[in-house]
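Two separate entries follow, structure 1 and structure 2, each one form of the same protein chain as structure tokens.
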Structure 1
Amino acid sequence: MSDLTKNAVDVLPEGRLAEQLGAGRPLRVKLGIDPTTADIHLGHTVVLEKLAEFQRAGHTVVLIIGDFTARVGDPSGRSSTRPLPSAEEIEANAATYQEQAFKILDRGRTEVRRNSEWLRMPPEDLLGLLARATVARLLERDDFQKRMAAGTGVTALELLYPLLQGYDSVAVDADVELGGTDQKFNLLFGRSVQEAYGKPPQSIITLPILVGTDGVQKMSKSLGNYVGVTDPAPEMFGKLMSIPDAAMPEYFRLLLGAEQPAEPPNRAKRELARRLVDRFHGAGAGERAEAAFNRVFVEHAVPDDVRELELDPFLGANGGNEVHLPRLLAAAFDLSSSEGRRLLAQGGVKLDGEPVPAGALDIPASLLDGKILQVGKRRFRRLVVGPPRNS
């Protein structure tokens, strides 16, 4: 019991989980993740690791990919209505989420479900679900109270979100549900929905929300302060080396289950980065990523394994031999053309270590051939005319 609740913020209702564990049967432990972005980041792994602990203790893990609820949008922690991804984006993200979750969970012992299985229900069933909740109860959530006080609207669709998520617990017969502290209202509401359907109400466990690499806001891809579990090893190492010293105890505790070593912050941060890179890229990957980091940030050299990018597809129309840099940057570093223009204007783009002049949007390919294109401190591509040899 103590290990399963380590690092938990809430274990509710009090005494319920101990009672369930004492019954001596495997519990059905649920976690729902909406695939609103393409990647799982380290913030997600705090809850996924807790799910894995239940799995290792012999309980049944149910991972719900919220391909239906992603179309509604979770309002938790939001000061305004979030933009919704397209159906195509949700489908693509759902596939990657599942694969990435198996970096932490045992694939063969994980029950994976999509909530579109049961939420695409007949109208009479949907009306029956809606009849089991009051508007007053739904408006109790703190996020809605703050938004209404600020004069910001709350859509009827957002009101439905906790009701739909709660029905997930009915559909899979959840005994326990996990989530971040921002999910507390949804998780507790799930108990109410279960009771309305005559089901035993679940226990809930909430876990801390990991702060992002900025050390201020929660880790989020939309905020750009995230470390993705599929980030290349050198990039993952570099991002972790950028976190503020004050955030390190939380990273050690929540991601490694350990106390920060009593040594200088830079050495402790390197250990943190090595161990996390090893976890997601295999033994020895952390040491190799550290060596690459040293070449760039200590020796100020270009990494040995810079991928090449062919210039030919980016040549101008009508046989022109100039390359439009914003378009090149978008392809090389997964940016939008507007982001590429902004980086150029800010002097954030370099060629062979020299900043590209802000007004230089079109450059002859012959002047780019063989040069190292760099954005920020950790992102490099070697530009070549003709097919790349190492990509």
Structure 2
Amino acid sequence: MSDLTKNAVDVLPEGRLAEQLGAGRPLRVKLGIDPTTADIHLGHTVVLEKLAEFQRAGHTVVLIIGDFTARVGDPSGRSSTRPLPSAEEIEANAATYQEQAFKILDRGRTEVRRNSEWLRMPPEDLLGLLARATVARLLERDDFQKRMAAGTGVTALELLYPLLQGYDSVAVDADVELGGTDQKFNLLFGRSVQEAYGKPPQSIITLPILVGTDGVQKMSKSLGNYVGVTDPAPEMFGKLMSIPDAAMPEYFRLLLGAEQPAEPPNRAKRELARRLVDRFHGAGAGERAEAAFNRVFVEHAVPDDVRELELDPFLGANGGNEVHLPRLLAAAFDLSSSEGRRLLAQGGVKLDGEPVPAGALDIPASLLDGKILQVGKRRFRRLVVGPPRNS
């Protein structure tokens, strides 16, 4: 019992969860995720790990893929209406979400449902649902209050979101629903909806929102400050090494369930990164990622798995056998050729570790073949003439 509420911010209503657990029956523990982006990141795993704890205690997890609600747009914590993903994106994301969630959840104790199963209901049923809540209640939430005060609009669709999420709880007979603290209103509202349908109201548990790698904003794909559970090991390690020291205690507590060890910050952060890489890539992956990290950032050497780039398509400048560097950079690192020029002008481009002189825009292919093209500290490509020699 005490385990199951560790790290929780709210466990409501008071005493309810203890009662439910005391009854000895396996509980149906619900989590809804809207497939609005492609990847599950470490922020999601805080809640997923909690679900896994419930599973280990013998309870059943009901994972709801919000393929219908993704088309409505959860207003939680938003300062403006979010752009909605297309049907194709939702479909694609729904598939990857499940796969990624099972990196943490026990497949055998998880019931996966899509809320389009029940939310795609006849209009008269939908109206029946709408009749069960008052506008005043829907407007209570403070994120709406803020938005209305700020003059940014709230769409009628967003207003309805909590009703739909609440109906999910009705549809799956949820005993408990988990979510981030930003979900508190929606979770509580679900109780009202269940009651309105004559069902026993769920208890709710909210968990802290993990801060992103910038250490300031919540972790989110759209903010670009996330660590995806499917990120390659070296990338995951690197991203974790880049978090501000101030964010470390939170990462230790929420992701590892431990206190930050009393050792120099750099050592602690390496441990954090190793352990998390191990978790998602298997034992030993953390050490390998750390070794690769040391090679690039401590020894300033070239990583051992540099992708190759074929030079042939870029031949042609100055009579045929020179390569126009801005274009090469653009293709190699997904830049514009103007950006490539700027990097050259700023001395940010190296060949085999040697800075390329600012004025050099065209270089004979023979001088590039086999060399390592580098931009900044961490972007590399091995240049080759002819077909790639390895993958």
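In this text, rigid core is short for the largest set of C-alphas that superpose within 1.5 Å between two forms. Just so it is clear, the structure is predicted and the values come from calculations on it, not from any experiment. Reference numbering: structure 1, starting with residue 1.
- Only structure 2 comes from the form predicted in complex with the RNA.
- After superposition on the rigid core, the Cα of A18 moves by less than 2 Å between the two structures.
- Comparing the forms between the two structures on their rigid core, the Cα displacement of G340 reaches 2 Å or more.
- Relative to the superposed core, E195 shifts its CA atom by less than 2 Å between the two structures.
- Core superposition places the C-alpha of F380 3.6 Å apart between the two structures.
- Its Cα shifted by 6.9 Å between the two structures, V349 is reported here after superposition on the rigid core.
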